[in-house]
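Form predicted on its own, single chain, as structure tokens, below.
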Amino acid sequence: MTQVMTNTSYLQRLLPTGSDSSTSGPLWLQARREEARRQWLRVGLPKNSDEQWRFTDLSPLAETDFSTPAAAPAAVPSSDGRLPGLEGAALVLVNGNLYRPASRLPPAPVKIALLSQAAAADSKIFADLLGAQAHPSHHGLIALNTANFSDVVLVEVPAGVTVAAPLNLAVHALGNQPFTTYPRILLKVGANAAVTVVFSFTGPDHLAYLTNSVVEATVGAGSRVELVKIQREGTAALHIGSDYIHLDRDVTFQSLSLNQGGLLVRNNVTVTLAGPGSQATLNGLSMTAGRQHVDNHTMLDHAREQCASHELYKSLLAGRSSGTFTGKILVRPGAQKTDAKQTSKAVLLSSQATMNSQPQLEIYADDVKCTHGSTNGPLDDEQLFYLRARGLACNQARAMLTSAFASDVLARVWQPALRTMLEDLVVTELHRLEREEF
């Protein structure tokens, strides 16, 4: 398999040609694309021998003959990934490109810009933000995204602006044969602003395709930002997401990763607390069945003093599905008064489901409080007996316990309408897990 993953012919087939190659666009973009192309050809796909990817087998990606990166279609079906019940702006991205007919652009002063249409002034913003956090050297899939993306979407919230309703980015994959898509999104939030951004990833069922997305967010001092990622890719899809968030001083930041779809999923979340007094809360809920695999890989980089971070990742695994949680807390020299807590919990709904947890602490300061904990196992027999003894059928008792297990993650969502919508999605998914053979 290593030979396939590093075969030059295979690696070359996943690179663009023609007008989307590294010879188009401004000079700074051409240089970065060329650097990414060379990095991809040099390192290829991450391998199981890499400790950071040990539990994520990318062989389905290496063995699939993907077509060239899919272009934006002329028409998009009604199932374009938009979320029901959410007011506010909705941007529909199809194969990484903004699809304006289905989008509701946010009112001023929130700004939406595209790299493909950027004027000289906006081009400098793209040049400053693109790749500032997600560098091709981090892993081969970021290099592949940088070499392949067809456009870049920039969402900019000016300083002092509060966006009342969630901003929804529906990232939809569309094709009729195995294909790849490379969404690239930039989020810039000014000082003392507030916004909730929802990323919803969807695509066709029963078709192998790759969504390789990269999100880079920069949050100004004193802001309050919530990012919610809802991953509902198709049943045969491969989803690799690499999200980078840079926090200035006194920022309150929260994220939620809800994973329900996809055959092979890897979420990389890196948060840098670059200013003193910032707080970051990372929440996650994965619900898997069949032979699904979800790998959540988080990195909390405490670069400055008096910052706090809290992580709660939960997994419900049925059938023969598998999951991985690898969470690292890095406390850099001088980052005194750090308060960090990390928790991973998994409920195995089947004797054939598996979960691997790897909590990690790397501390270079002496006045800190850092803890981590991890629990994996089946539903509690005593709790099941208690509910059965009070007249509930076995499936009702299991449903009540699994619902309670998921509810405290969703309860942390700031926006009430968004929280209600997420609860509905989770209830529907719990019914799917109940139908699995335990």
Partner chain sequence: MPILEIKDLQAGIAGRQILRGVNLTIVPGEVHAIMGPNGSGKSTLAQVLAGRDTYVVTGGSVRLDGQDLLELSPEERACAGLFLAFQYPVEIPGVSTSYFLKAALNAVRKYHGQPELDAMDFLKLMKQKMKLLDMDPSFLSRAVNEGFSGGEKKRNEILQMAVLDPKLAILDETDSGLDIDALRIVAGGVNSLRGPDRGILLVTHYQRLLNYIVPDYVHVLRDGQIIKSGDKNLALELEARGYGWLEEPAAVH
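Positions refer to the first chain, counted from 1. Since the structure is predicted, the reported quantities are computational estimates derived from the model, not experimental observations.
Beyond what is shown, the protein has a form predicted in complex with its partner chain; the following relates to that form.
Taking the partner from the other structure, its partner chain in the predicted bound form has a heavy atom within 4.5 Å of a heavy atom of L401. Although the partner is absent here, Y386 is a contact residue: one of its heavy atoms lies within 4.5 angstroms of its partner chain in the predicted bound form. Put simply, R390 is close to its partner chain in the predicted bound form: some heavy atom of it is within 4.5 Å.
Contact annotation for C394: at least one heavy atom lies within 4.5 Å of its partner chain in the predicted bound form. Just one listed stretch, out of 374 to 382, 409 to 417, 57 to 65, 38 to 46, contacts its partner chain in the predicted bound form at the 4.5 Å heavy atom level, and that stretch is 374 to 382.
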